[in-house]
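Encoded as structure tokens, the following chain is the form predicted on its own, with no partner shown.
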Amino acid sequence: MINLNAELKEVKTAGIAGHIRPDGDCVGSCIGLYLYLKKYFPEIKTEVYLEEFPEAFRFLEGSDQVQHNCDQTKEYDVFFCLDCGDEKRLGNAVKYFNTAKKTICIDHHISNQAFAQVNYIVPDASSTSELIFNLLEETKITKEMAEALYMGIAHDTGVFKFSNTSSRTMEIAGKLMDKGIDFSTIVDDTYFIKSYIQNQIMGRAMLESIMMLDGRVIFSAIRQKDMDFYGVGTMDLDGIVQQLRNTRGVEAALFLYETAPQEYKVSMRSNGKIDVSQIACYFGGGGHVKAAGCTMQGSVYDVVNNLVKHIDKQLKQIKVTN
């Protein structure tokens, strides 16, 4: 673990950024740390950079201070990379990483190769928000900081039901709840509730899903023309791969959406036997054992067939071992 006070000694400027297409943990951890630095280190000019994120996250204090472009040239004394497995996933904010005097990475992705100067990487942690909690002085965490961190933990644990949820995770969640947050509303509004068009596109994805390998793999794909027809963006696709994973008998779920002609963003989920992070890393991506992703080129069937070959190989190895 790193000592936040020591790392911030004599620091006058600090930048914070998370990964591209930020999810609940990315946004929660970034804003949680940002609020803490703004309150207890007012002498440090702190700025946070994230790509556009879901409107449901906008209830968080400080979300209106998040910068969504990196047009200016800046050199920070320290630059925090949160929930980011490698520097490429910082998107445009990588320019600030490259020019910073000191870089600090706080992350829980197993594929993270410790790319910053200072690294706090714990693959067994439920979320980066959990790691941020560990770095802060508990008595100094305000209700607003607690809201951000609780949202992050809730999202990356599937509301505390994924296997990355530990007794420590539950302990931290309880301490955040004690700060007076409306935890049930946070979960409902940011995790469960979907808009009408989000439900429509999820329904389309489920309706057109296909089972493979004797029902052990399920995949679905959304093309750009489908997104245009329903009027949805990439943020409206959250939750689809998880719903696919919930299919009885499935060991792995694959969800693809088109980002350019013959290019697909791939999200993978495992129910335990398959290490999807290993597959994602093979194709230039990364993530966790049970949740990972990458970007691949080719037709839908080219992409799926390449992925399924690796899944089938793992399943056969498991069968031989057993």
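In case it trips you up, residue 1 is the first one in the sequence shown, and so on. Note that the structure is predicted; figures quoted are calculated from it, not measured.
The same protein also exists as the form predicted together with a small molecule; that form is not shown, yet it is the one meant from here on.
The closest heavy atom approach of A291 to the small molecule in the predicted bound form falls within 4.5 Å. Although the partner is absent here, T46 lies well away from the small molecule in the predicted bound form, with no heavy atom inside 4.5 Å. Under a 4.5 angstroms non-hydrogen atom cutoff, the small molecule in the predicted bound form lacks S270 among its neighbouring residues. The closest heavy atom approach of D86 to the small molecule in the predicted bound form falls within 4.5 Å. The stretch among 61-69, 30-38, 259-267, 48-56 whose residues place heavy atoms within 4.5 Å of the small molecule in the predicted bound form is 259-267.
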